[in-house]
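Only one chain is included here, represented as structure tokens and corresponding to the form predicted alone.
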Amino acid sequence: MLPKYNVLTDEQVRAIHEESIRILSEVGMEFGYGPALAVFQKEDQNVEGNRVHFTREFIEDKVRLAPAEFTLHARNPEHNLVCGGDHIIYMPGYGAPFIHEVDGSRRKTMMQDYDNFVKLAGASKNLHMTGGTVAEPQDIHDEIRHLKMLYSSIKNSDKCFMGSAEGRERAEDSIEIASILFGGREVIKEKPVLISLINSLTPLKYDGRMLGALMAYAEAGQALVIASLVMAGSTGPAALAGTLALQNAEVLAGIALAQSINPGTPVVYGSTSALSDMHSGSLSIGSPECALFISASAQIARFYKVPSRSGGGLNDSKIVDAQAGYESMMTLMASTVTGINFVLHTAGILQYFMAMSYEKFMMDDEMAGMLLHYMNGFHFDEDGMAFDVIAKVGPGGHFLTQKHTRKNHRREFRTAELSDRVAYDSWAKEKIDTNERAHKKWQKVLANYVPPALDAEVDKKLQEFIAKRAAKLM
């Protein structure tokens, strides 16, 4: 992989850390969950009602317990993922309640959409896992939605997937389902299989729902993305450095809680910070400021020696248009070249996290493939330098018919899977644009996709557990 591009100096990273410690010590954070407060009391932190004031020593000592990298285990070991170091994990969007159609219309997300996106992620050569709430189905009752989504993630792909973060009970359901799939709780505690997204409630709060899930996963030894979404100008200051400090304080407090519960819990430093557009008041994630937050967060996570998470193909567009493309490439490239390890929202997102698009999914998948190729850099071996063939062809010749070209072009060149590169006259016969090509491609991928086989006995146990839980919840 190429060297990481930094947007902060070492002194600026240290300044962010110092300011975050000051926030945690002097201002403190609120935790709306009694068991979490009890943990901090046991650790001799200053707990006043729901607010906790932290010491520098506590925060720094706890963060040092987090591993620099860890492995997520898939039911197909070929899809195991290392999170941290120089590794990058791409996955689809997360949590969108709407679907944008190819004609520009918008509708509610359905369970069939969730199934489809899991299959598209399962079929992709560029997306490493299927994600979690890839798209939030509105035709499934909220009480059992997590069960249906988990089963779909297991049935339709053998890549890694995420657990529910909707409170302790749903986290426990996720853990139990994973233990059925992988052979027991002790098995998954030794070899983590789930990762879940825990978000703070900016500014400076965690609610009981997220804290319950965090504690359940930490106790079970499963991985956690602990993330902060500060909206500079509304839920955070209209100052980029101050927003980073606020974000960092929230993430550090969450990591410290996880390590207090179970030292060595795999955690990922998460950032989705962006800004509030001062004209519309809306969240803006397709902005250069968001790209800066992404890049800085990768660097801050390296300072703490933990893996990092941020967004991928982020944009504010309402349809699949040029804006969706140029904003998404900016943020996805920022994530990739600055060293983000866990790239949520790589594919499919529109309208600042609110919608998914099948066509955008295929375009983002193409961009992910382009960036993975970009990060491979150059080959400097004998074939890569190509002196012999250069000497053979000499001045004025060409390389099209050379054996070296036939041997090396597949290694050196990436074949476009969606982008159009034909001559104008060939293109002009049908004049198919990228949106239409993407529409045809996702339909073809789904038509040809065969979900990997799931052991029949395991499948039966999963369905029995889900049916039992659904009956109780409904």
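For every residue, the number given is its place in the sequence shown, counted from 1. Computed from a prediction, not measured in an experiment: that's the story for all the values here.
Beyond the structure shown, there is the form predicted together with a further copy of the same chain, which is absent from this document and is the topic of what follows.
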Practice task
Counting only non-hydrogen atoms, choose the one of 69 to 77, 128 to 136, 232 to 240, 216 to 224 that falls within 4.5 Å of a further copy of the same chain in the model of the complex.
Solution key: 232 to 240
Practice task
Verify the contact flag for residue 61: yes if a non-hydrogen atom of it lies within 4.5 Å of a non-hydrogen atom of a further copy of the same chain in the model of the complex, no if not.
Solution key: no
Problem - Contact flag, residue 28 vs a further copy of the same chain in the model of the complex, heavy atom cut 4.5 Å - result: yes
Practice task
Could you confirm whether residue 187 comes within 4.5 Å of a further copy of the same chain in the model of the complex, counting heavy atoms only?
Solution key: no
Exercise for the section: Could you confirm whether residue 42 comes within 4.5 Å of a further copy of the same chain in the model of the complex, counting heavy atoms only? Expected result: no
Exercise for the section: Quick one: from 288, 264, 183, 85, grab the residue that has a heavy atom within 4.5 Å of a further copy of the same chain in the model of the complex. Expected result: 288
Fill in the blank from the handout: Applying a 4.5 angstroms cut-off on non-hydrogen atoms, the residues of 344 to 359 near a further copy of the same chain in the model of the complex are 351, 352
